[in-house]
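Two forms of a single protein chain come next, each set out by itself as structure tokens; they are called structure 1 and structure 2.
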Structure 1
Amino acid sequence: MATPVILVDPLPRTLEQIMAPSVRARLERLGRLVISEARPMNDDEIEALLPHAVAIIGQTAMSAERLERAPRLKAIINVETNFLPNIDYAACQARGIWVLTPASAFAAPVAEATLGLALDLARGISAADRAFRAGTETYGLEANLDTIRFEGAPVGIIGFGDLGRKFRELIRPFRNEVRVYDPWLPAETIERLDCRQTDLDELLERSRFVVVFAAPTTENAHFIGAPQFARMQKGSAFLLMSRAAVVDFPAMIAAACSGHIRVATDVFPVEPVPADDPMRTTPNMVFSAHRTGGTRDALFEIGSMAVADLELILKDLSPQLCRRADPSIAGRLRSQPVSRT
């Protein structure tokens, strides 16, 4: 049989970006790599490779027809960490082709930055630095009038996938009571990590820190808006870490402006944010320009997870690290191509 081919079509990423040399070497031991990085792989090339392809690493469109022309194909691994609508998931399922994505690669850096932002909102770190630079700082007790201690404060997590669970692990020493709202999960999954399953309203009303990790779906656009912010306790903190689409963004800005809550956000409805957007001067906010996930180690993690799972699959073992594209879930996620992270 011809040498197995691994079709590498990783844009907007590049192999160099997502694989340390040692990981790439492992990949090369699995088959002949055919790589298209300057542009998406063109259709002729794809067609020529399909008969020999055992795996696709990238975002190549794979209709049912193409799948039929790829009899040896065992795995498609999206390295953008999305599930795109350009794959026939049911046909993959029927064929036993693994469709995977190393989605949790960003969990660690995002969770770490989330804790940094939460502590900033709690203890006023960036505001105090700004005041010091402006010569308007206060000292000691007087400087702590708005301080909330993060330790022991009730925390609410909205969306309890990889990011939420990693964040939960990071805050264990702070002994918070943690509530979780995630309609895709059973109570057991939540309670095993020492959290309480609640509905959204209770979470908003009881938590001093509310963190949103929920991925945007066909069902949850703008599900947190003015009425939800109104439920939060005065002076509480709200952190938006997933996608702008899940909140009513102007309502969030207004809630910070009024002093009702303090807010940190890593995402924005339009990125880059227009230069003259008035939100840039909002008080009680910490801004992060979609930068909590895009660290070098996270990108390398994408590559090492992909290769490790591919090694298993080519030995007829089950993948262990990447997320599987369960058809129901893949259809629900409102994935967009990623431009930056």
Structure 2
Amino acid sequence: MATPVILVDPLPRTLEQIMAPSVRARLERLGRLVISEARPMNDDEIEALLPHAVAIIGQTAMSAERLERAPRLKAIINVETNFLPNIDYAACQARGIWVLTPASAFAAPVAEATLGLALDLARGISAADRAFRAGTETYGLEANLDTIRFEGAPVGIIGFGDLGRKFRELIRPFRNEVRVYDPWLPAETIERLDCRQTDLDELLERSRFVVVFAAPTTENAHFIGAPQFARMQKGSAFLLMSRAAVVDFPAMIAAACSGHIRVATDVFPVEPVPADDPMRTTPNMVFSAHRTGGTRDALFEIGSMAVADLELILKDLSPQLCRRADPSIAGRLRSQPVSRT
């Protein structure tokens, strides 16, 4: 039998970025790698490889017609970490092709950064630093008139996937009452992690800290807008940690500008943000340049998870680490592809 081919089309990632040398060596033992990293693999090359490919690592478009021309294909592993609308997920499921993503590799670093941003919004850490550098600092109680405590404060989590659950576990020592809004989950899943299932309005009204981890879908574009921000308690904190598309960004900036809420965001409608964007001078906001998940160890975890599961699949065993695409959900996701960095 011909040597199995593994099509590697990983942009915006590269193998060097996501795989330690030892992990890449494991991958190379699984078959002949055909790699395109300087550019997305072209259609002619893909078509020539399909009859021999046992796996695809990357974001290659795979229609039902292409899948028919790939009789040996067992796995597609999306290392960009979003399920993109360029794969026929139902056809993959019918064929028994695993479509996976190691997205949970980002959960721990994003949760950690979210906690840091929440504490910053609560205690005014970066604002105090700026004031000190400008020589306008105040001391003692006067410096804390607008601060709040994170410990014991009610927290609302919107979107309770890998990121939301990891954040919930991380904040346990702070003894927060945690409400969750996620219409794709049953109450039992939420309550097992000591949270309360609630509707969006109650979460916004009752939470001192609101954290958004929701993924963008065909149904929830800009679902948090001016009416939702108006429901939040004055002086409460809003953290946007998933994708900009789920929030009405101008309404969020206006709510921060007015002083009604304080905001932290790691994502933006256009990235990189133009240097002259007036958002940069918005008061009551803390900015992070879409960097909370992309730590070196998290990126290496992507490669490690992908290779470990591919080793199992090529032994006709089930993957254990990556998340499998559910056609009923993957077809509704609308994450903007990450930029090449």
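Reference numbering: structure 1, starting with residue 1. Superpose the two forms; the largest set of C-alphas matching within 1.5 Å is the rigid core. Not measured: the values here are computed from a predicted model.
- Comparing the two isolated copies of the chain, the first one is the form predicted together with a further copy of the same chain.
- Here residue 44 exhibits a Cα shift of 4.0 Å between structures 1 and 2, evaluated on the superposed rigid core.
- In the rigid-core superposition between structures 1 and 2, residue position residue 32 carries a C-alpha shift of 2.8 Å.
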